[in-house]
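Just one chain follows, in the form predicted alone, and it is written as structure tokens.
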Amino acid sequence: MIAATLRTQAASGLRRVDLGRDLAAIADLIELCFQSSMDAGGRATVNEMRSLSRMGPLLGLMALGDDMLKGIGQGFVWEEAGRVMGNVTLFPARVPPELGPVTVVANVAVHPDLQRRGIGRQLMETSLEALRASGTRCAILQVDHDNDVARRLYERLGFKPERTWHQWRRGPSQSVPSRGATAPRLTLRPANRWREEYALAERVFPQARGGLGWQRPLHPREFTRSPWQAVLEGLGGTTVERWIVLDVDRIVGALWARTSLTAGQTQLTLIVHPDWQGRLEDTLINYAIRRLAADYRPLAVEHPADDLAATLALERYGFVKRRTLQHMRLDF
């Protein structure tokens, strides 16, 4: 069915990606269409795509072990007069294998000169048909919350909204706050208490609403590591510190800080028991800033937009809202 669709639409330009032929043009298209929201990581990826496009015959071999290239190569483009004018990328999601194959739909882009001609819809319909045929369990995507046109398209195609998230960032040059005089005490979370923390997260980040964030399903792997996994992460330069707040002997709040050699920032995760919302966010954020100040890295947080208490606390401590994204899901 996919082959028939491509044959019948060949005259109008829908086809599979040819990495050697299309990679640089896809990079140009992504940069053009997403320039207003592209961060430093996105710009680095676009530049990497352009560099890789010059690898010639080696590009195909590199795609066998590179998820970015593999995802681009599994996608589709719209070609008009010999130019790539539309694109969809299909990445394998970074989720635990036991959750089944999950695909990220990304880089859905149509050149401004050809928008509102149904090209985006045709690219998406063909991509979803390909995913159904491949046996993938579900597709996930992110879309800017204020992009009503794109959100309506995805909803018509069967995607359901999970949750809306703010992305926050705080620069390393900002002043370090003093500790609050009556702030609750944070302690390192004992390894054997991960199930309690998991149960708390189930209340705050239910899997039915997308779990802990983008490509972070609510799964034990986010809460505990075997000794061997810890060694591998350490060798790769990744560290995760976990602190908790106790009410008597019950975990009511948690703060994680994840740092790696390759990341240019420290990623924070805040978990606050519903009964304590509005009372712990300042404590957790204050502690994170003071504890990590010596690292001189920006701090980043991805947190649900519906959590007003966390939003207000992040703003008070100088975090800047960079994007607001709707997470969506389609089960096959």
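In case it trips you up, residue 1 is the first one in the sequence shown, and so on. Values in this document were obtained by computation on a predicted structure and should not be read as measured data.
Although it is not shown, the form predicted together with a small molecule is what the next lines describe.
* Asked: Is every one of 21, 62 and 84 in contact with the small molecule in the predicted bound form, taking contact as a heavy atom within 4.5 Å?
  -> Not a single residue of the candidate spot has a heavy atom within 4.5 Å of the small molecule in the predicted bound form.
* Which one of 224, 147, 134, 164 is close to the small molecule in the predicted bound form, taking close to mean a heavy atom within 4.5 Å? -> Exactly one residue meets the criterion: 147.
* **Among the candidates 251, 212, 138, 110, the residue which, in the predicted bound form, approaches the small molecule to within 4.5 Å (heavy atoms)** => Of the candidates 251, 212, 138, 110, 110 is the one lying within 4.5 Å of the small molecule in the predicted bound form.
* Of the listed stretches (224-232, 90-98, 237-245, 154-162), which one has a non-hydrogen atom within 4.5 Å of the small molecule in the predicted bound form? -> Stretch 154-162 is the one.
* Should residue 180 be counted as a contact of the small molecule in the predicted bound form, where contact means heavy atoms within 4.5 Å? -> No, residue 180 stays farther than 4.5 Å from the small molecule in the predicted bound form.
* Asked: How about residue 260: is it within 4.5 Å of the small molecule in the predicted bound form, going by heavy atoms?
  -> The answer is no: residue 260 has no heavy atom within 4.5 Å of the small molecule.
* To do: Examine residue 143 and determine whether its closest non-hydrogen atom to the small molecule in the predicted bound form is within 4.5 angstroms.
  => Contact check for residue 143: yes, within 4.5 Å of the small molecule in the predicted bound form.
* Contact label in the predicted bound form: residue 218 to the small molecule, heavy atom within 4.5 Å -> The answer is no: residue 218 has no heavy atom within 4.5 Å of the small molecule.
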